[in-house]
Every structure is written in structure tokens, then in C-alpha cells.
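Below, in C-alpha cells: the form predicted alone, a single chain.
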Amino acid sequence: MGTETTGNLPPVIAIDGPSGAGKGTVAQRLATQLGFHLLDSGAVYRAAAIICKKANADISSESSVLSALATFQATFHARGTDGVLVMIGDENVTNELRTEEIAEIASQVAVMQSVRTALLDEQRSFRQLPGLIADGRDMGSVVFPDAQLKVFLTASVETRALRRAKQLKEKGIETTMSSLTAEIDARDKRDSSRQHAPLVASDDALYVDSSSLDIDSVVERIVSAFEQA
């Protein structure tokens, strides 16, 4: 079932797209259904953001950020449908990883080419048998350009803001649609316009708009495409 490898490397399904498009949930479901490993690249950058925060790094200074990340010691442990457990040293930072503060720092750090280069091998190390589901912004364009299937998963800004508001409400965090929409729009522009590894749909990617689709429909469409790849 679509398990051909490239140069003896395990197969990869690369899922790229903007924040809030449902990539994380879809990737987890695919990994469980196919029995593949899971890379949440956003977690890698958020872990880097936490490391920078703990080191009091100057986020506007590339050298300061690189200095803080010189000994990147975050580890990622798959938990099936529960996502990924993230440890920095012996500290569980999984919950802190999902805060808006860390998301904002990660977005700023991710525009730095030297940081992206430094974390490239970390991400590629997730590629192991029987295969990998890679979720991020540049999985198909930069990290795994030879992926067996590339997917660009998106949704309208309004839909993504509603989803994020629901997630935050479930955690007891109050917010407003206007602030969420502004944050998502700003992050989209930063991710899409950055000089290095911008958020773009690869020419050979399967384009999926999840605005009016449920998770099952999205997963089914991707699995079908992978079987034909």
C-alpha cells in the first residue's frame, strides 16, 4: 500500500499548511491508521522557543538564539492519538508547548535560516520504518522534498480562528475572535513571506481545503492519494 521508498528510505507523507488547518489532528490519525511514525515539526520549533525563553535569549538576535540552541536537548515521544510528549531534559513541557506565548516566539525563531538549518537533521531523524507522517510548514518543500505524497492542507482564516477559540475555551482560556483572527492572519503573512523556507504549496502537492470537511473526510482523501502514489 504505497510503501515504495526513495533510495531505500522509508516513505513519507508530508503535510504542510497554515496554523489551524487541522494538520496536527489529521497527522495523528494518519500515523495511527497507517502505523507510521509522527513528526510534529511545529513541536520542534516550539521546543526551541521554550529553550530560548528559559535561556533568556534575545529573540531578535540570531546569534543569541543559536547560542541558546547550541545543545538542543528536546526529545519527542509519540503517544498515538494523544499526540507527542515533549521533554526538555527531564522536564515535561508538552502543555507549555501549546501556549500562545510560545507559539509567537516559535514563529519569530522559525524565520531565521541558521535556526532552520540547525534543526533540519533533528527533523529528518524521525524518518524511520515503516514510514513517517510529517506535519509542518516546509515538510514537502525543504525537509522531505522526496516525500511519496505531499499534501497542502488549508482552511479559511475564519474557520481556523473558530477552531482555535474552541481549543482555548476547552482549556479555560478566554479570548476574542478578533484577536485570534488578527494573530492567525499575521502569522500567515510572516510564514508565507519569510525569506527562507516560506509556507508554500509544492507544485506536486495534493491541495485540500478543510473548511467544510470533517477529519474523516480529509484522512480518507489523503490515504486514497497515498495508495495511488
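Just so it is clear, the model here is predicted, and its values are computed rather than measured. The numbering used is simple: start at 1 and walk along the sequence shown.
FYI, the form predicted together with 2'-deoxycytidine-5'-monophosphate isn't displayed, but the following is about it.
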Of 134-142, 68-76, 150-158, 85-93, which is the one stretch near 2'-deoxycytidine-5'-monophosphate in the model of the complex, taking non-hydrogen atoms within 4.5 angstroms as near?
134-142
Should residue 118 be counted as a contact of 2'-deoxycytidine-5'-monophosphate in the model of the complex, where contact means heavy atoms within 4.5 Å?
no
Considering only heavy atoms, tell me if residue 124 and 2'-deoxycytidine-5'-monophosphate come within 4.5 Å of each other in the model of the complex.
no
Can any non-hydrogen atom of residue 36 be found within 4.5 angstroms of 2'-deoxycytidine-5'-monophosphate in the model of the complex?
no
Flag residue 25 as yes or no: does it have a non-hydrogen atom within 4.5 angstroms of any non-hydrogen atom of 2'-deoxycytidine-5'-monophosphate in the model of the complex?
no
Counting only heavy atoms, which residues in 179-198 are within 4.5 Å of 2'-deoxycytidine-5'-monophosphate in the model of the complex?
187, 191, 194
